[in-house]
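The chain below stands alone, shown as structure tokens; this is the form predicted on its own.
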């Protein structure tokens, strides 16, 4: 699944390209769409008592994106840890398929009420990454 993002005026910096910090928002939107598509949307990941927080972002900027262009961001699980999920994320320009930003994000699962780390729910493992390595 890909999340699309049309570049708006407010996304751009004085150079006329997307400000680098906005890619974190695009990636968060992609994660939200992906998790919702898997059936875990809404508060506390669809009622299973778990939430997810961003622990680390690694972004490699390859190409600029400009006002009016459309980007597509894809996300997939690279591996599951005990309480974490490492993902590969790529944002491409829709018009030519060029990679604009690529990298990884690590998300930690937490108890919805205490925000303390919790094991990755089996439902999440099964829905988001059935073929990935598991620790």
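What you are looking at is a predicted structure, and each value in this text was computed from that prediction instead of being measured. Numbering follows the first chain given and starts at 1.
Keep in mind the form predicted together with another copy of the chain is missing from the figure; the text below concerns it.
In the predicted bound form, another copy of the chain sits within 4.5 Å of a heavy atom belonging to residue 32. Within 4.5 Å of any heavy atom of another copy of the chain in the predicted bound form lies no heavy atom of residue 74. None of the heavy atoms of residue 84 is located within 4.5 Å of another copy of the chain in the predicted bound form.
Looking at residue 52, you'd find a heavy atom of it within 4.5 angstroms of another copy of the chain in the predicted bound form. Contacts between stretch 2-39 and another copy of the chain, counted in the predicted bound form as any heavy atom lying within 4.5 Å, involve 3, 6, 8, 9, 10, 12, 13, 14, 15, 16, 19, 20, 21, 24, 25, 28, 29, 32, 33, 36, listed in sequence order.
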